[in-house]
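Below sits a lone chain in structure tokens, taken as the form predicted on its own.
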């Protein structure tokens, strides 16, 4: 019992540390740029980080179960192309949305089948499907950007609810709320933690390990499909090369938020803080006109530091 209390205390202190890091980032950029600390800019941060946030919500489940998914960026591009092709063929916007999200779920299900039935490691599986899904997006679009003219579809990625909160940000918040409820209050959420903590013990305890993994990767696929729809709506086009780096950003946010790479430990609240820190960092660097090449270096360093912090936390425990 004492050990459990100690671990809980460690989790709380990690989230508190992340909160102070977020405050420090906000304070630093507010000093460096007069445009950073404003309501309008904060809404822009929420708007442009919504796709990463939705992916990070699903990725939290994946990492908690002891897995990983590096194919979500390619799934996003494939979903966006699918939606664009549906509307190009004369289909209504809502059918395009459903097709894109359903395709994302199918991609996640394919990942799950290969991992659970084919016994291929999650990293190798999703590394392979990352290339496959990107290639299929290129094939379906003939390697070209497909413009979207439907104004209702584009409004999902550009309009503001009550002229205040971006619609993508609302969807991101709903995603976080749903996953918080699932992980904290449902049987499935407890199974995710159990499988990530000890897969063999979970199997012996009667938990359907294969079914749990299948559900987790399918859910992450749906998240990628939704994020791909929002990206296509925001850009007004299906772009086969879109979302090339977003999978690493989502993984970085989740690890930075305190979810262990070894599985079984972490909370959605930490993921939210991780997403906000990375989003504020990206926005602040853009406002300061920092070169995109230097931003790549900084994002890589953030990922390394997040993994290093996770390793140090594991050793301390």
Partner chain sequence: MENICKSFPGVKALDGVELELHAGEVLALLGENGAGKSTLLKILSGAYKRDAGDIYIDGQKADIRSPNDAYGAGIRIIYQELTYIEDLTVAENIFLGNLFFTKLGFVDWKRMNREAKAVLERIGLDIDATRTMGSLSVMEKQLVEVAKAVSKNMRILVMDEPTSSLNEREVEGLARIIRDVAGKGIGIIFISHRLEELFMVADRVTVLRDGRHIATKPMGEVTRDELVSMMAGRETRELYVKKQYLTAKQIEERPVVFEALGVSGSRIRDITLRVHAGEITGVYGLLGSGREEMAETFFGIHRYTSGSLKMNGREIQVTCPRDAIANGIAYVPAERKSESLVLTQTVRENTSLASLAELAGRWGVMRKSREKEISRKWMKRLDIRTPDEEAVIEGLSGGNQQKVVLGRWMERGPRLMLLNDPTRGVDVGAKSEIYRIIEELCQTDTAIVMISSDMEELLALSDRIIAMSEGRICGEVSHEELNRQKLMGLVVGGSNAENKEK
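On a predicted model such as this, the values are computed, not experimentally measured, just so you know. Residue numbers count along the first chain shown, from 1.
The form predicted together with the partner chain exists for this protein as well; it is not shown, and the discussion that follows is about that form.
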Touches the partner chain in the model of the complex: residue 157 (any heavy atom, 4.5 Å)
no
With a cut-off of 4.5 Å between heavy atoms, is residue 208 one of the residues that contacts the partner chain in the model of the complex?
yes
I'd like to know whether residue 144 contacts the partner chain in the model of the complex, with contact meaning heavy atoms within 4.5 angstroms.
no
According to a 4.5 angstroms non-hydrogen atom cut-off, is residue 197 in contact with the partner chain in the model of the complex?
yes
For the interface check, one of 103-111, 184-192, 149-157, 164-172 should have non-hydrogen atoms within 4.5 Å of the partner chain in the model of the complex; which one?
184-192
Would you kindly say which of 95, 132, 178, 201 lies with a heavy atom within 4.5 Å of the partner chain in the model of the complex?
201
For a quick check, can you give me the residues of 236-266 that have a heavy atom within 4.5 Å of the partner chain in the model of the complex?
264, 265
